[in-house]
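Encoded as structure tokens, the following chain is the form predicted on its own, with no partner shown.
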Amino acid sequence: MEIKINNLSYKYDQKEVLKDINLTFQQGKIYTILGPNGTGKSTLLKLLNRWLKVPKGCIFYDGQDITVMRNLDIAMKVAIVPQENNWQYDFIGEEIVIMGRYPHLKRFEKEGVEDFKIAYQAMNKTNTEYLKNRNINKISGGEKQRLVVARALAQETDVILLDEPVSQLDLQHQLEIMRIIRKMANEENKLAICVLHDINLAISFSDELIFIKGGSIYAQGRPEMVVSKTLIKDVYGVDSEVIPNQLTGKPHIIYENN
């Protein structure tokens, strides 16, 4: 699977939030989109999943324009872990994860043995098997998020889009979710496109970073190639120092206190 974005722009109420975006995403990698609030990061994910209509430019999945693809075809290729999930019903963990199998079922078809097998495998990968019979509204935020990731894995797509998947989690669960995504990309050759706020977390787990400023791409590339104190100042308006992480050798950002 390869995703290409050509000359993509998008407006909200005449305000241009994305401007002439050109990107290529390749399978087996984690790409993280970074930038200040309101720069179009989540909008870009919604366009990739066709939650928003592409008004200008093109998005291609393996050479096919997504504007002519059926919703089912997109659901077979792309799963999404949204920023927020508001569960109005008391689903149990198993029901949440099995939802990922819906694109693979015919109309009115019930989930079969193979569907449940795949769902349980996804729960095993995300350490959520013990939540099988737990009420979604009576578990922690970290447990809910791992179930949503399990649902995305059960969908068996080549691509997973993740919109701030760890923003409401403590450090332990942040690392757990990111390790699951990293393992998925390495071992299953999946493409993950994330939106994150924590730059150091993104550096640790991403193959490439994409910094957006004012709706345009400011920089893209491997963390060691693009991260600098100048970039942090230009994109975020923050003074910093960039030093090598002694465990990984990748850049690590230290922010000034004053």
Partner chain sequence: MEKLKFKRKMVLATGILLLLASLIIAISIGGSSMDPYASFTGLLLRGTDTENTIIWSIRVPRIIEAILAGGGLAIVGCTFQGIFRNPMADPFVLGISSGAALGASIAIVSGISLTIAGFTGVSVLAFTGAILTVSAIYLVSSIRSRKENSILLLMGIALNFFFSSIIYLLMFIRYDKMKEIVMWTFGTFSTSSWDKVFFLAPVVVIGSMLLGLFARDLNSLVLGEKEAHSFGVSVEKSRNLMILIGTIITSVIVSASGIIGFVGLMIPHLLRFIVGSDYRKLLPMSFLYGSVFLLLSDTIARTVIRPSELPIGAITALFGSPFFIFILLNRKKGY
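As the structure is a prediction and not an experimental result, all values here were calculated from the model. Positions refer to the first chain, counted from 1.
One more form of this protein exists, namely the form predicted in complex with the partner chain; it is left out here, but the text below deals with it.
**Student:** Among 122-130, 92-100, 164-172, 177-185, which stretch has residues with heavy atoms no more than 4.5 Å from the partner chain in the predicted complex?
**Tutor:** Among the candidates, contact is made by 92-100.
**Student:** Check, residue by residue, if Lys106, Glu111 and Asn135 all come within 4.5 Å of the partner chain in the predicted complex, counting heavy atoms only.
**Tutor:** Looking in the predicted complex, the three residues Lys106, Glu111 and Asn135 all sit within 4.5 Å of the partner chain (heavy atoms).
**Student:** Report yes if any heavy atom of Thr43 sits within 4.5 Å of a heavy atom of the partner chain in the predicted complex; otherwise report no.
**Tutor:** So Thr43 does not count as contacting the partner chain.
**Student:** Give a yes/no on whether Asn49 approaches the partner chain to within 4.5 Å in the predicted complex, heavy atoms considered.
**Tutor:** Within the cut-off, so yes.
**Student:** At the 4.5 Å heavy atom threshold, is Ile118 in contact with the partner chain in the predicted complex?
**Tutor:** Flag for Ile118 set to no.
**Student:** Taking the shortest heavy atom distance, is Ile80 within 4.5 Å of the partner chain in the predicted complex?
**Tutor:** Result yes; Ile80 sits at the interface with the partner chain in the predicted complex.
**Student:** Scan 155-181 and note down the residues that get a heavy atom within 4.5 Å of the partner chain in the predicted complex; none is a fine answer too.
**Tutor:** Residue within 4.5 Å: Gln155, and no other.
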